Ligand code: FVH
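Before any questions on binding or motion, here is one chain by itself as structure tokens, the form predicted on its own.
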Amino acid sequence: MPATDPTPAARPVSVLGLGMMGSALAAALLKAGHPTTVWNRTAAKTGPLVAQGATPADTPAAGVAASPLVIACLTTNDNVRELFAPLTAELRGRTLVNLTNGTPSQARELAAWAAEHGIAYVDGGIMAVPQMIAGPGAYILYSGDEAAYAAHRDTLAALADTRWVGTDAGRAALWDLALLTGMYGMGIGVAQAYALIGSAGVPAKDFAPLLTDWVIAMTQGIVPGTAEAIDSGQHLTDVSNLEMNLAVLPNFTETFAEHGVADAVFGSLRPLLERAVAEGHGADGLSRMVDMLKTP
């Protein structure tokens, strides 16, 4: 009698790379009932997971051989290539899900390498910090081999919500970096706001509620509104046009200078605004900045 396919809750998985994120991924798989094999270059990091029921692998090859689904969570994609290049025979016929942060071109190169060696490759972008894994609000973007993703989707769902973004292996990394771009842009703006208000001796905790409400209110309007303007090509606004923004820009830069705060945001905004106005877009809203950011 042929062996039956194990239920999704019992499918074995190997996790190679046990930094903070890799350890969180492996712990989530164990909690969901998956037999989980773990490997890390520093073997001591397997200890806490072994205590939770994981099986330690002495070598990367043993880790790969233990499961049909291999999840990599390393520091860089160079580390991924270095680790798996000697293991093409062991990986053949298996699925490699790479959850290492990288670029779209790196993901495509890895997918091409995998295809040459009969390895199903899925790239992923984790939209969460380790503490969020398997919790509300966490999700992971996936792209690449759609059949492999579909076959293992139930298992991957133990980590976080799954979001499929396309068969181009580089798509998950692109979406990941675009989302992180928005986060870092917001983060540096928040940091500069705290630096400015703090220069007057205002405790950050006193300013935090106002800043939180303001950022949320603006984000809820700006993000979907900008998307609509981009897709429709209609950038005209009766709220705060680019000419007006350019006119008030010195108020920011002069205040930063007066209060001893570095200009981490507006220095790069001025030339974009000046160019937009010079090209006749002064009556447009900030959504026009998307065009200004495209390099020739």
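Residues carry their position along the shown sequence, with the first being 1. The structure presented is a predicted model; accordingly, all values stated were derived computationally and were not measured.
The next section is about a form of this same protein that is not shown, the form predicted together with this ligand.
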Handout entry: Answer option from Gln52, Thr42, Thr59, Ser232, heavy atom within 4.5 Å of this ligand in the predicted complex
Key = Thr42
Handout entry: in the predicted complex, the one of Leu74, Leu110, Ile119, Ile140 near this ligand [non-hydrogen atom within 4.5 angstroms]
Key = Leu74
Handout entry: Gly225 within 4.5 Å of this ligand in the predicted complex, heavy atoms
Key = no
Problem - in the predicted complex, Ala158 touching this ligand (heavy atom, 4.5 Å) - result: no
Practice task
State yes or no: in the predicted complex, is some non-hydrogen atom of Val13 no more than 4.5 angstroms from a non-hydrogen atom of this ligand?
Solution key: no
Practice task
Verify the contact flag for Ala195: yes if a non-hydrogen atom of it lies within 4.5 Å of a non-hydrogen atom of this ligand in the predicted complex, no if not.
Solution key: no
Exercise for the section: Select, from the options 142-150, 159-167, 124-132, 198-206, the stretch whose residues sit within 4.5 angstroms of this ligand in the predicted complex by heavy atom distance. Expected result: 124-132
Exercise for the section: Taking only heavy atoms into account, state which residues of 14-41 are within 4.5 Å of this ligand in the predicted complex, ordered by sequence. Expected result: Gly17, Leu18, Gly19, Met20, Met21, Gly22, Trp39, Asn40, Arg41
